[in-house]
Structures are given as structure tokens and as C-alpha cells.
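Quick setup: one chain, the form predicted alone, written in C-alpha cells, and binding and motion questions come after.
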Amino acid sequence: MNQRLFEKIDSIDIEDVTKSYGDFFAIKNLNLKIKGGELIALVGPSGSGKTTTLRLINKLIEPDNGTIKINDIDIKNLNPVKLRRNIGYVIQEIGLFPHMTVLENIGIISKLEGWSSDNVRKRVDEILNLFGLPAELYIKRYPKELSGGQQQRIGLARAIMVNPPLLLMDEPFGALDPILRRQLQEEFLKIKMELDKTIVFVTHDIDEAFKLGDRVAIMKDSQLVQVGEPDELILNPINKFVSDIVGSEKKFKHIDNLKVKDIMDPIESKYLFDSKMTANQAIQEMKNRNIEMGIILNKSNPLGIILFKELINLENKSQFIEEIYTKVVFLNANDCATSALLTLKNSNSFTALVTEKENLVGILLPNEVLLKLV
């Protein structure tokens, strides 16, 4: 195995960095100190310089002016290939090789590093279990046999395979369905604690940034506008742009006046599954619809939910899903939001279905309630 440039990241210092293409500035006079071990989220509209910042750290492009230092070492003096072998890079498009198994996709970088087959297999098993994908069930599968969310997990698994001290993540959940996206955010929060890495995370979603980030850097027009912890940005926005993007005013809404329908997610038809479907049929439909959760209907009456990861692990996939669904809490759309939160807490359920006049109208996740009420 190749020797590391960095065993851990103590700091990344971006000092007076500018990158332009003709008259267009991709980054202008960027100064940003990233702390070792933190997740810093870069947020801003398209063209604000978020992805360019990642590409500069990764030496995919070189700055026109300024310096980028990792642990006080100017990366200008580092071999780009050696540098990148110390960095995990995760992108929205994932880039799994369709002709390779999960084992081969995750292990490809470690093979280039000279790992033995036994060491590759041991590490892949360890990472798959970290992501809740039992190795014995997934290691021989091909990307086409996985859901979109599972493919995204494999892409992240590949990025951390050789245990790099730095992760660069460019909108990794951006292409996913909103509910699946939130499920992956929750999983990533837990995995982040296990990883103990420095992470630079690009997103256009301020709620995602607040949920995952230790600090958040707001960017606009190729420049850094303000950086701070979420509470600091909400309470002390430097200007109207930051105030608008972090939603300072809406964060102080009167929660006692909110109803469940104000904080639920409307139900889309792609989440609905007839109770007479078999598990096999539901698995295929979930792949086609790129979702990992479904709501079971007996005619028009909601019964509960099914989860892709539970269906795919079933021994008997010819069972009807009405025989194996998970019961959930039911709430009325006009219930008080704060009482709904208490109901969910007491039920230990991760999902509630919302009805109005006996019609299914929405879905509500407990952690999302907390996010929307603060």
C-alpha cells in the first residue's frame, strides 16, 4: 500500500485564491479556513463557486493566484495523483461501472493501491455493513440490481474504501427523490460520526447544509459572503442575501399555530402500492420509480409502509405485501404540529401518514418535524 501524504487533516487554508476563465471569475479572492474533523457545507446558487472550490482543493484545476495549504503544506508542491489518493471524491452522478459487481466497484481504488484480494474483501465487508448493506447479500450484485439510493451508498463506500482523511462531496444526494434524500441524510449523519474525517460538502439546499454541517459557508457571485455555525447565520446574517437564503424570518414562526398539513410532505402517486402486489413486483417497481419506501393501499385505504431494504432481504419474495407491511402512526392534517411531534415521539415510529377527510394526503418524518419547527 502507498504511503499517505496525510494521516489526518489538521487544517485546510485557502488564502486569496482566484480562478478565472477570460473575463469570468469562477472564484474571486476566496479566503476560507477549514478545521480538521469538521463538515463544512458550501451553499449558494449555481455559479457561486462551490464546485470550483472542490476542484481547486483536489488539484483538478490550478488557481491563478493565491495558495491552498493542507496541514500547512502548499498543495502546489504536491503530486496531484498522490494528493487525490488522500481524498475521497463523491459526486451526484456516482459513476459506478455497470459491468462490475459491488465488490469490484468499491474495491477498484484499493486494487490500484496494491491491496491483496483478502484485504479488499475484508474492508468492503466492513464498509457495506456500515451502510446497512449486508455483504453476503450485496457483494455480488451489479448496479442495475440496486435502487438509486443503494447505488449512491456504493459510490460513497468507494470514496472511503482506502480510508482517506479528506472527503469532498459535490451534491451527493441532489438527484434523489426528496424523501429518499432525507433518509440518506439521516444515515450519513450516523456514518459521519463513525468516519471521523474532514468533509467539504457542496449543496444548494440550506436545510441539508444546516442538518449535516458543523459550519456553513454561504457563497454568491464567486465569492464567500459569510461562514459560521447554523445558529450564527440565522441570528446574525451579514446581509439580506444571507438572511433570505438561511430563512432567518421564517425560522421564528409561531409553531403553536402550525398544523400537520403545514409541515408534511405531500404524497406523490409513485409512492402508492396496491396491497395485492408481491414483494418481487414491489421491488421492481421501487427500482423503476427510484424510491426506497412505499405506502400500501387496500383499494383507497392506507395500511402502512414497505421498505426496499426489507423486501430485498426476504427469503420468500412471492408474498403479498399486505402480509408484510409495517404499521405506522396516522395523523389528521388539521392536528396541531406540536402534538403530532409528541405522538410520534411516544410511538417510536419513524413515519406517519397524514389523512384529511379519510383521504391520504401526506407523509411526515419525525426528524423533519424537528427541522421544520425550528
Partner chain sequence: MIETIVRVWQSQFLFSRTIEHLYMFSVAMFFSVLIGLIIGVIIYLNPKSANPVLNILNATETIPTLALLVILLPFFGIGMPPTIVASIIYSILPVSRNTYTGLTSVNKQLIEISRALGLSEREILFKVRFPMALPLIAGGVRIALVFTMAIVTLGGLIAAGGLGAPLQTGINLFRTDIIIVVGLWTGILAVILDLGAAVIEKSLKMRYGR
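Model, not experiment: these values are computed from the prediction. Numbering follows the first chain given and starts at 1. Heads up, when I say rigid core I mean the largest set of C-alphas that superpose within 1.5 Å between the two forms.
This next part talks about the form predicted in complex with its partner chain, which is not shown.
K.L.:
Using a 4.5 Å heavy atom cut-off, which stretch among 337-345, 57-65, 35-43, 305-313 contacts its partner chain in the predicted bound form?
P.N.:
Among the candidates, contact is made by 57-65.
K.L.:
Here the chain is shown alone; which of Ile87, Leu176, Ile245, Leu184 has a heavy atom within 4.5 Å of its partner chain in the predicted bound form?
P.N.:
So the residue touching its partner chain in the predicted bound form, by this definition, is Ile87.
K.L.:
Counting any non-hydrogen atom inside 4.5 Å, which residue from Ile139, Ile91, Leu166, Ile283 sits next to its partner chain in the predicted bound form?
P.N.:
Contact with its partner chain in the predicted bound form is made by Ile91 alone.
K.L.:
Taking heavy atoms and a 4.5 Å cut-off, does Ile263 contact its partner chain in the predicted bound form?
P.N.:
Residue-level check for Ile263: no, no contact with its partner chain.
K.L.:
Under a 4.5 Å heavy atom criterion, is Phe97 part of the interface with its partner chain in the predicted bound form?
P.N.:
Yes, contact at 4.5 Å.
K.L.:
I'd like to know whether Arg158 contacts its partner chain in the predicted bound form, with contact meaning heavy atoms within 4.5 angstroms.
P.N.:
Contact check for Arg158: yes, within 4.5 Å of its partner chain in the predicted bound form.
K.L.:
Does its partner chain come within 4.5 Å of any heavy atom of Lys144 in the predicted bound form?
P.N.:
Yes - in the predicted bound form, heavy atoms of Lys144 and its partner chain come within 4.5 Å of each other.
K.L.:
Only counting heavy atoms and a 4.5 Å limit, does any residue of 99-131 reach its partner chain in the predicted bound form, and if so which ones?
P.N.:
Stretch hits, in order: His99, Met100, Ile108, Ile109, Leu112.
K.L.:
At a 2 Å cut-off on C-alpha positions, does Met100 qualify as shifted between the shown form and the other one after fitting the rigid core?
P.N.:
Yes, the C-alpha moves 2 Å or more.
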